[in-house]
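What follows is one chain in structure tokens, specifically the form predicted on its own.
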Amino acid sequence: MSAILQLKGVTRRYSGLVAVSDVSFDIEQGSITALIGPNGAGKTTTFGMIAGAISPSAGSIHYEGVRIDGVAPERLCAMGIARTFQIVRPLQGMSVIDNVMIGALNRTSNLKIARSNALDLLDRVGLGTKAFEMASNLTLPDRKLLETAKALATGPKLLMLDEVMAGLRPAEADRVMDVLSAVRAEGVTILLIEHVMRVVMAIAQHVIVLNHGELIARGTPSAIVTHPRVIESYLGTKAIHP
């Protein structure tokens, strides 16, 4: 398959601090790829550069063959890139369904179609019965599910998920994994930051590992969990020898 996303020598500096250093990788179209690494590895900074919130200090980012580094987030959303955030912030003073409809209106101006699409997505992530509650009243796990629905509502070709499983119970995480597998089957490419290795092993075809802003490994999940540098810097020996 061809690459939907390519990072070439991407670097982000903050004065004397190098948050991401000369990172290059491709994301295969139609795949699920996990971006992993310890806290402070540069994962969220990398996400921010792909999604247009941060401009790289050096290097380039290409999406569907078009250079996109420096392009505004709203333009990237219209092009088919959607992301979630590690800290979830539902739109205040609005219901759960209204939060998702805002995203759905990215693809249609018809309110009935947007509403129907929003209800369908809420059912898929397990929030259908809470569609008309105020979003501010949701628990943290449900806010995570709402964040996923909001991103999916924009109709992405590339869906970027920042620790969407954090705070979810195993059964809730399994439900989200089922949703993501179905989304991938529909042709959507998924890039996710994830610390739960059970999730990574279950749904990812490819894994990219960052540490101190540098790419230290990439490969299949089974190869990554036995990679010496990944074990040393992130997983620890107990991941292989419990």
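Because the structure is predicted, anything quoted here is derived from the model rather than measured. For every residue, the number given is its place in the sequence shown, counted from 1.
Although not depicted, the form predicted together with a small molecule is the subject of the following passage.
> Looking at 60-68, 24-32, 44-52, 178-186, which lies within 4.5 angstroms of the small molecule in the predicted bound form, counting heavy atoms?
Residues of 44-52 come within 4.5 Å of the partner.
> How about Glu163: is it within 4.5 Å of the small molecule in the predicted bound form, going by heavy atoms?
Yes.
> Does the small molecule come within 4.5 Å of any heavy atom of Ala223 in the predicted bound form?
No.
> Classify Gln86 as contacting or not contacting the small molecule in the predicted bound form by the rule of any non-hydrogen atom within 4.5 angstroms, answering yes or no.
Gln86: contacts the small molecule in the predicted bound form.
> Is it the case that Ala19, even though its partner is missing from this view, gets within 4.5 Å of the small molecule in the predicted bound form, heavy atoms only?
Yes.
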